[in-house]
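Same chain, two versions here, written out as structure tokens and called structure 1 and structure 2.
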Structure 1
């Protein structure tokens, strides 16, 4: 990424020098920096509010209640994981934290779930179907409260920043369903135990 950004800067300076618009480039850079600071400051307050509310909900036990509702669904999606295995609890907590927009809380839970799934892996060098499926679900992540997008819309002056909740919920639900379908389909196409390098 550093190389890409450097290339963009060099091209911008070269283009401005050729066209004789160095003053415009300098002015644009200064205005962009000023707008970035304003946006960051306005975002900080909105994000602090949303994250605070979500954290209160988490402390009140909403994440664990949602995880309890998700556990039976995950048991069906991951039949190869024993029903009493700790990985199911970690996966349920990870998915519920992601749904509530608690990304900071979801990350360590996801890592712990992967570590626990690895204990069921007969070949530590190859990801199991359960690990691949969990990664697909974690990456697509159904969003009940897209706090960051709401904050960006509010900071940009949107009159109804929360209008994005419905479309985001629909889009992330569809992406999760597609991810699950793809993972299940690919698990059937390639036999279990086939090394990922051969896939």
Structure 2
């Protein structure tokens, strides 16, 4: 990101030099900085509302309930993980926390899942098929309500900030399905790596 940011500024300078638009550059930067804080303030209210609601949901046990629903599905997706293995519980909790948009709660659960998957790994430096599949699901985003995006839309004066919820749900379902399919297909052709000496 450091490179992208630096390039933006340098290219802006180059572009302004070619077109003689230095004053445009300065004005753009100042307006951008001002907009950023206005935006952060409007975002703060909406994010506080949403995260407050999520905390209520979490304390009512909704994350656990969702995880219980997901566990059998995950068990089928990960045939190499024993049915009573703790990794399945951690993965189910991680995915449900992500679905609800509880990013802060999701990460430690996901890391625990990775550690538990690592105990099933014959080759501790090389990713297993199960790890890759878990991360494909995780990185394809399974969030049910895109809170930050809605907050941004509301803050910049959209007429219907929430009308992207349905489309987002459809797109994220498709991307998760493609992620699962790609992980499963590539697992068949990708070399597993040679077992390490100490085993």
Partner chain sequence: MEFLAKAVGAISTWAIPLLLAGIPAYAFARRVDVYGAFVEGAKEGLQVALRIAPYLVAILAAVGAFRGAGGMDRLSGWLAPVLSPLGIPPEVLPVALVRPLSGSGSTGLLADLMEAEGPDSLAARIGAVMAGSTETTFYVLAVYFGAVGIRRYRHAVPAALAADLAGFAASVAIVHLLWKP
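Numbering follows the first chain given and starts at 1. Just so you know, these numbers come straight off a predicted model, no measurement behind them. Take the two forms, find the largest set of C-alpha atoms that superpose within 1.5 Å, and that set is the rigid core.
- Between structures 1 and 2, only structure 2 derives from the form predicted together with its partner chain.
- Core-superposed comparison between the two structures: CA of residue 166 displaced by less than 2 Å.
- Remark: with the core as the superposition reference, the CA shift of residue 22 between the two structures reaches 2 Å or more.
- In a rigid-core overlay of the protein, residue 177 has its C-alpha displaced by under 2 Å between the two structures.
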